[in-house]
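A lone chain, given as structure tokens: the form predicted alone.
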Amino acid sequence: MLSTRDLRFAYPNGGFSLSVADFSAAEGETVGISGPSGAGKSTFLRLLSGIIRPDTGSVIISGENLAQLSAKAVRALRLRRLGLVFQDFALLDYLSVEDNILLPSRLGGTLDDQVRRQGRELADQLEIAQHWNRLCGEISQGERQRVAVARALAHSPVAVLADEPTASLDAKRSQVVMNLLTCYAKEKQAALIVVTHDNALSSQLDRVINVEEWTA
């Protein structure tokens, strides 16, 4: 479903580099990425999603080699096939909860009644449906995080990349989010890659990789 080959990346200032010989996540597999702050976990997710491009090597999603696609084609693939939960949520505060959840489908040209229903069902499961018509700038951090999770799943992606998806949540809601993500991966046979520092949540994943093993 998702793999990398001989991936290498370095920031221009030379302060950090990442080298990953091989990585893969199969359909329905859940993988945790662990390691200390600054070790490259978020960078790795950005490479997987095509937000940043590696210096060498390749990222392959559903048979598509991102290195062989234009920037426009990579963006289209990301909108249609990937679900992203950013560490800073990356919500648009001037849009409603509904519009934020449906945004990838709207931009990707896949918005229909089914996606709208799925978005609303996810909002119900994540206990944010009462804020459906509120602006995202008016809700709490924990609620914003759950909007980001709903947005990542509403368009039925083939892979979900989640960067600390429970960082702003209490233990109960963290469990709700992790159960939702792992159940989605198994039911939809989607790959799930999760960056988390929470060992209790990591134990629910099929395997965990320490990113320190990759830093050059």
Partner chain sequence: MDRMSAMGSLHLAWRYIAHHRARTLLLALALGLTLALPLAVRSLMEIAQREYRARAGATPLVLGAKGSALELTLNALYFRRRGVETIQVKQMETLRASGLTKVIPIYARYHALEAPVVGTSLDYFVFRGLQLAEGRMITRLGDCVIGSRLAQQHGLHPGGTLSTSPEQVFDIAGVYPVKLRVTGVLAESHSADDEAAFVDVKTAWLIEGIAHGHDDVVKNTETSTVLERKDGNVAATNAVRMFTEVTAENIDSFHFHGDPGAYPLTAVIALPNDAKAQAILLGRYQNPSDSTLLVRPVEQMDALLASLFQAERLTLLLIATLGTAVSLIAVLVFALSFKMRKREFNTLEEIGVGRVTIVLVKLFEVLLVGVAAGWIVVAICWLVQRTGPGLVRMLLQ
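Positions refer to the first chain, counted from 1. Predicted model, so just to flag it, every value in this text is computed and none were measured.
Another form, the form predicted together with its partner chain, is not on view; read the next lines as being about it.
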Between 139, 103, 115, 122, only one gets a heavy atom within 4.5 angstroms of its partner chain in the predicted complex; which residue is that? 103
Can you check whether residue 75 is within 4.5 Å of its partner chain in the predicted complex, heavy atom basis? yes
Please determine whether residue 143 contacts its partner chain in the predicted complex, using a 4.5 Å cut-off between heavy atoms. no
Considering only heavy atoms, tell me if residue 41 and its partner chain come within 4.5 Å of each other in the predicted complex. no
Using a 4.5 Å heavy atom cut-off, state whether residue 134 contacts its partner chain in the predicted complex. no
Of the candidate stretches 44 to 52, 178 to 186, 59 to 67, 159 to 167, the one with residues having heavy atoms within 4.5 Å of its partner chain in the predicted complex is 44 to 52
Can you name the residues of 72 to 87 that have a heavy atom within 4.5 Å of its partner chain in the predicted complex? 75, 76, 78, 79, 80, 84, 86
